[in-house]
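The data below hold one chain only, encoded as structure tokens and taken in the form predicted on its own.
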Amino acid sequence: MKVNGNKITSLEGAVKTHVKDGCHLSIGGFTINRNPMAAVYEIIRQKTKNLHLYAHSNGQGADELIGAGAVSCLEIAYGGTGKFAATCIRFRKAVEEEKIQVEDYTNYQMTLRFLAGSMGVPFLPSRTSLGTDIIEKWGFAPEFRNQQPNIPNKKLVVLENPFDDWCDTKKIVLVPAINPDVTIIHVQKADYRGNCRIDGLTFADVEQAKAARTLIITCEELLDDDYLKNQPDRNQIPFIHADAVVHIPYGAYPTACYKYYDYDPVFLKQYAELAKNEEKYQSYLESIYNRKSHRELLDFVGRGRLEMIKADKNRGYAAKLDRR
């Protein structure tokens, strides 16, 4: 159990303390929704390398970490940013050039893997992926697995159902648990101890948070202890899992944060174009290295763009946003 106390810290300090070269890192969010982008940019600025990255169905966060050369291995269900990049561009390029090793699972399997990690069990069963290449094609070779004590010796296991006389299911798939060294999530509300409230879809963030050995939380609003005691059933992550809390408004930008702001289509469209060109992308990376904080990125894009993506209070997203 984590110490019950004040866990507020700076983003630079949280990343420097917990996200080391070679660590197993999990990031929350889904495609272009609630990625912990401020933390992603800080990891890039600190030039962290050789990360073993886990993501459920991530987009911008995973692509930028891969593009910066921070990732050596990736376990994921899907990597894309919708119409901006059906498959993340730097992710695809890294795979084609064999710069990273990738092992893929279904969306449901990745959720089960994080859930198993949060439950403290070594695996969970499923029927998903039976009859598909996900069963047959493994991204990590046996030799690599044998050299890595932090990953399972098998991608998955197909077993005969021991209860087949009770139901019609003949085979089951066992998927291994994930227990990242560090998980980073971005939430709408948190308090100084690390209690969290996520509005809207939670994706696999709750399971990722509870499966981690260390949890870094970035939040839009930092609230006093009493606020989250109101309607406590709406709080998904209790303080016992948290190690660091960072108050950073627009911490998911340029991805969306439900009820606060939408994704920025101008940024994501420009990024997709830059990501296709090596020279332009290297210049883009230099711009990240040269910024001292996420605030400088927000100042660069300007108040007009931030106002453009401001969420409608009733809908939770920017109702009149031109997404072309």
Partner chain sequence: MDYTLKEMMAIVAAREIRNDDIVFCGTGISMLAAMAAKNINAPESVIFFETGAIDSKLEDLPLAVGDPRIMYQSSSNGGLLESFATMQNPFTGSHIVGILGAAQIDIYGNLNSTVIGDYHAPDVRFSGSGGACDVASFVSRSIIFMKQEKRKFKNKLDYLTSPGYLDGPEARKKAGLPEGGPVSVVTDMGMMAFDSESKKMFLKGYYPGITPEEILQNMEFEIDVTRAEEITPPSANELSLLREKCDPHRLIL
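Numbering follows the first chain given and starts at 1. All figures in this text were calculated on a predicted structure; none of them were measured in a lab.
Another form, the form predicted together with its partner chain, is not on view; read the next lines as being about it.
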Q) Which of 109-117, 227-235, 214-222, 244-252 has heavy atoms within 4.5 Å of its partner chain in the model of the complex? A) 109-117
Q) Can you check whether residue 54 is within 4.5 Å of its partner chain in the model of the complex, heavy atom basis? A) no
Q. Applying a 4.5 Å heavy atom distance criterion, does residue 201 contact its partner chain in the model of the complex?
A. yes
Q. At the 4.5 Å heavy atom threshold, is residue 147 in contact with its partner chain in the model of the complex?
A. no
Q | in the model of the complex, residue 87 touching its partner chain (heavy atom, 4.5 Å) | A | yes
**Q.** Contacting member of 77, 151, 73, 157, with respect to its partner chain in the model of the complex [4.5 Å, heavy atom]
**A.** 77
(Q) By the heavy atom within 4.5 Å rule, which residue out of 177, 174, 240, 102 makes contact with its partner chain in the model of the complex? (A) 102
Q: Heavy atoms within 4.5 Å of its partner chain in the model of the complex is the criterion; list the residues of 118-148 that meet it.
A: 126, 127, 128, 129, 130, 131, 132, 133, 134, 137, 138, 139
